[in-house]
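For reference, the chain that follows is the form predicted on its own, supplied as structure tokens.
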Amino acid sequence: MLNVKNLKTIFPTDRGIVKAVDGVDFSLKHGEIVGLVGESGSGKSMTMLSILRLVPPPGRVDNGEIIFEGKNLGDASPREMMRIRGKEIAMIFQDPMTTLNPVFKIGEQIRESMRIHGLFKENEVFFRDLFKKKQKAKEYNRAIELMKEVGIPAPHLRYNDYPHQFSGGMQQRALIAIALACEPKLLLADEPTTALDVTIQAQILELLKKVNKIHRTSIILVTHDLAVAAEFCHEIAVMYAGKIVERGPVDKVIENPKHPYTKGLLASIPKITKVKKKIKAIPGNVPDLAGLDKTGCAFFDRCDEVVPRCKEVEIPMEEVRPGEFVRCIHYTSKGVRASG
């Protein structure tokens, strides 16, 4: 369904070019769920915005291909992208408080996407021209169905509520309903559970699983929580400083991580055991992308497996096992560790 090849997104600044997304490669099959995992500032959200060609200026996609069902979205006209956004590819943004329009009713915001994309227009031309009220009724009924599907109680009553009358969890459900309104084939979920408590997080993730199972909707989940990705995704891609440093099937990445950064993320997850253990933190901070060297690994100054060559050579992504990829100097071809 989706094949991203060597995607690069840059931002010109007074301090130099910031490579927010730097040579990202991954693919997604029909009905598959892929997780993009990493710390804040690693390029996850910008990758999603690049796919939809919504990179805020002065940023721009500088290189690469985004092939969606055989079509390169980089070659699509603005009109074609408007047709694709919301109808073929929809996005759930991470903060419903700033995404929902505060002066429009929730139900009307769900209906808006159907109206813009003409969900009931193509097959109902006659009714559209002579009985526009019937078209509006179809959109209203569809919005009510969506509100039920995402678990908003009493949808007939809540249809006319404004965003401030919804809790955070209900607002997130409304965003999911908006994203599902035109039955997209691909759903981009940008940290949809970040601002929610643990119980609501579980409900939202269960809802997305249900959408994936019933509608066979492919999903890319952006999260900084490896535990969430392990529970939810089929494959995981770990990002650091604009690059994917490891990707593969979720069980392989979680049970046998290869990149030191992935190991560090897993080691920093609290575990409930009888024996008390100190949580191991990753030292240092995410690097300033404007000051990164052109060669070498961006993780070298935080890595406990670092060798001199880590900073000296460009490190490619290697397939170490079938379907498993890692960007680390310690791994050459076929998963054999280098001597250093």
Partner chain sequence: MKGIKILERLIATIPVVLGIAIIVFLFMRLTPGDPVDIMMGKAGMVTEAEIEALQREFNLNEPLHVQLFLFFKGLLAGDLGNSMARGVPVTKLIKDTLPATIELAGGALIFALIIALPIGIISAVKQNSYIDKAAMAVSFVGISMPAFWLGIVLIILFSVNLNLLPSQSRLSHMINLQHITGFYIIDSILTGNMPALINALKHLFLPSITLGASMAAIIARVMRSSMLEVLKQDYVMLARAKGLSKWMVVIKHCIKNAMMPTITVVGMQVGVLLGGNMIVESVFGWPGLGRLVVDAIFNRDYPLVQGVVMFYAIIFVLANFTVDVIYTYINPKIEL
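Please read these numbers as outputs of a predicted model, since none were measured by experiment. Residue numbers count along the first chain shown, from 1.
Here the subject shifts to the form predicted in complex with its partner chain, a form of this protein not shown in this document.
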item	value
Non-hydrogen atom within 4.5 angstroms of its partner chain in the predicted bound form for each of 243, 305 and 310	no
Among 49-57, 311-319, 35-43, 65-73, the region lying within 4.5 Å of its partner chain in the predicted bound form by heavy atom distance	49-57
Distance check, residue 270 to its partner chain in the predicted bound form, heavy atom within 4.5 Å	no
Touches its partner chain in the predicted bound form: residue 153 (any heavy atom, 4.5 Å)	no
Contact test in the predicted bound form: residue 191 vs its partner chain, heavy atoms, 4.5 Å	no
Proximity of residue 85 to its partner chain in the predicted bound form, heavy atoms at 4.5 Å	yes
Contact residue in the predicted bound form, chosen from 135, 201, 109, 218 - any heavy atom within 4.5 Å of its partner chain	109
Heavy atom within 4.5 Å of its partner chain in the predicted bound form - the one residue of 158, 117, 142, 263 that qualifies	117
Neighbours of its partner chain in the predicted bound form among 150-165 [non-hydrogen atom within 4.5 angstroms]	162, 164
